[in-house]
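Encoded as structure tokens, the following chain is the form predicted alone, with no partner shown.
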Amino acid sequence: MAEPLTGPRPRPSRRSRRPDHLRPLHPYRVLLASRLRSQLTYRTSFATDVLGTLVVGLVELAEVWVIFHNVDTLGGLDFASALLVFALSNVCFAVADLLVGHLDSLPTYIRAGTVDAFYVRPLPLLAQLVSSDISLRRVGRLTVALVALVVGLATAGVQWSVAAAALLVLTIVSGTAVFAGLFTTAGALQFFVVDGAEVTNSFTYGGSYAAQQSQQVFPDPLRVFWTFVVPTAFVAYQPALTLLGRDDGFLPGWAGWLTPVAALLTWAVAATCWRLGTRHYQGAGG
């Protein structure tokens, strides 16, 4: 009797042989999954929160429409171009707010002594705080921004090419990194000024508002600040000018490609501040 033909047994991959608790990202996935389940448990509350952020996004969009209902151009931009700047800025900010926006709750954690509990876990503090929450309710604002981006790209006169598509993707990724870096810097400063959230919010939420505007509406000192100190001008305005093939005489037309550089510099500052802040923290005293 002939022996049955059998091939060599497939060897389990190294990844499948490793227990779940030894995979580097497994603890973060478990934390995020638990947060998502908790938010979706109370569906009415979740729907109300999403509706609230949706209304906030619509109100901000209405502000742009009201301005251009009364003037044809503002700061060198017509309505379609301004809508593109507004949409790029809001997409980047909404994604960053969704992922790391809850770092502005750090003063509450510090006062309540919750941060001390994070320190005893064998995971990096920043990674724990980032994965400790993810606010799905903020998708309402992101939805408005995405719709505005589609309309802005279709009406602003973008000359599509491979380079233009690459610049758009690069801008969204790097702009999100810029705002995430600002949130992290603001969180790090809370280790020094526990009640200074309002001051640091002026750079995060204020930076988001400044990024929505044509930079030509600002006086020169303020424009230099939002371009070279807190580089939110590279989140939307400069990339939009590059997409439209324009320059405003302040920076060259190719300056829109510098958004990744702005993101790297922002994160260099954020990492330094976070390192100094966590070293400065001595505990809640409990």
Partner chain sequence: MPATDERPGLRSGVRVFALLVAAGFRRHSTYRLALLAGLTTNSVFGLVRASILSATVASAGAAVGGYDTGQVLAFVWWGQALLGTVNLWGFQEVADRVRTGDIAVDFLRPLDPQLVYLAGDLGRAGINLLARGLPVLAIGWLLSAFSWPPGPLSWLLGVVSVLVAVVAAFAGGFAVNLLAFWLVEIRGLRMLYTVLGGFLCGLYVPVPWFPDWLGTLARWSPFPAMLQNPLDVLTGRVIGADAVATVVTQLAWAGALLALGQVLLRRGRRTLEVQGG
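Keep in mind the model is a prediction, meaning the values are calculated, not measured. Numbering follows the first chain given and starts at 1.
Omitted from view is the form predicted together with the partner chain, to which the following refers.
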Position in contact with the partner chain when the complex is considered in the predicted bound form, options Ala33, Leu40, Val224, Ile67, heavy atoms within 4.5 Å: Ile67
Please identify the residue among Thr108, Ser161, Thr155, Asn201 with any heavy atom within 4.5 Å of the partner chain in the predicted bound form. Asn201
Quick one: which of 81-89, 112-120, 207-215, 96-104 gets within 4.5 Å of the partner chain in the predicted bound form, going by heavy atoms? 207-215
Using the partner position in the predicted bound form, report whether Thr242 sits within 4.5 Å of the partner chain, counting heavy atoms only. no
Looking in the predicted bound form, any heavy atom of Leu170 within 4.5 Å of the partner chain? no
Is there a heavy atom of Val261 no more than 4.5 Å from a heavy atom of the partner chain in the predicted bound form? no
Does the partner chain get within 4.5 angstroms of any non-hydrogen atom of Gly52 in the predicted bound form? yes
From first to last in sequence, which residues of 135-173 have any non-hydrogen atom within 4.5 angstroms of the partner chain in the predicted bound form? none
